[in-house]
Ligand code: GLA
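Take a look at this single chain, the form predicted on its own, given in structure tokens.
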Amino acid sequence: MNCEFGSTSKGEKATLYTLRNKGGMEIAVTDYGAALVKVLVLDKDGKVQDVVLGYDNAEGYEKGGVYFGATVGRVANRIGGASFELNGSVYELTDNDNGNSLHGGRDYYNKRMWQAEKLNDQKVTFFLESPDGDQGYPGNTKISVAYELTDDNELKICYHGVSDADTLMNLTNHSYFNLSGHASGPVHEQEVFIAADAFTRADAQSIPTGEIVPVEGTPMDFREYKAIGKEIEANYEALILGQGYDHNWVLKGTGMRTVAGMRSKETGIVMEVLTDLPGMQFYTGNFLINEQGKEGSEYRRRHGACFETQYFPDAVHKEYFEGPVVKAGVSYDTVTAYRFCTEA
């Protein structure tokens, strides 16, 4: 089902695409920003819960500055100094984060209209052409993001890109999840696990120092499920600098595998995160301040948690971090999935 989703300030008409599977799960995505707007799942009592934060229309997504449901690129997360060198040339990016470039600079992919192709009731693909010099990056680059809802209650996001010049690509989704319902308040009591033995230490501007820090014996240890709020206020450097969790974890394993999970005892909803990428930014909405959301809701600090799969932040400046450099004519392809179930 497709329906109108409002207009941008430029007069562009946005559309909302709804996908349904045989089990009754639904998601809704829009061609404005290729954004994930709704994820509707049944809780343990058979009640429908929308478990992602968002807005009612395209106007909300255009005005909003916290990346609800956003497709983020050309390079997600931060690049230190808002510049990088590639093949002997220096590329200057937009300084939009204390001297650094965050999520592609101010000309965000999530503030653009994407072309949509709905293949069936369970899959839609969005397309974007990013020209040479766009956001400061080299190469005419064609990008697609496909959302697919499987009958196993798995929301699969497939990213694809190809450029006519060597460039950087590191796409992610910036949805905020609250498994007790999008308008239910703080996620402190919800539990998370992350399959990671280490995280990348960052400075006061959230740029990795290059140090890989073991999680053992620290509040960053999520190798077993624990409440998000259990140690979030601990007197620990990373949490003080990030004002909570806002860090990149070094994920265990390679290839497509389960790397994280989240669960709400209140609703019984469980979400698993799967990816083929080496890192994941776990962010607890530390900077949400009275954001007016969908259905009259108001989102505040730590009302949602993000699981942003990625190459490590600032990898282009750290030769021993797996980097986001994509060669001319070579496809960038990566997959991340969010799988849902319920438990009593």
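Computed from a prediction, not measured in an experiment: that's the story for all the values here. Each residue number is its position in the shown sequence, starting from 1.
Just so it is clear, the following notes concern the form predicted in complex with this ligand, a form of the same protein that is not shown.
Here is the short version: of His174, Lys156, His160, Arg263, the single residue with a heavy atom within 4.5 Å of this ligand in the model of the complex is His174. Checking Thr167, Thr200, Thr71, Asn77 for any heavy atom within 4.5 Å of this ligand in the model of the complex turns up a single hit: Asn77. Residues Tyr67, Tyr283 and Glu308 are all found to lie within 4.5 Å of this ligand in the model of the complex, as judged by heavy atom distances.
Residues within 4.5 angstroms of this ligand in the model of the complex, judged by any non-hydrogen atom, belong to 101-109 and to none of the other stretches in 143-151, 130-138, 101-109, 210-218. Contact check for Asp246: a heavy atom falls within 4.5 Å of this ligand in the model of the complex.
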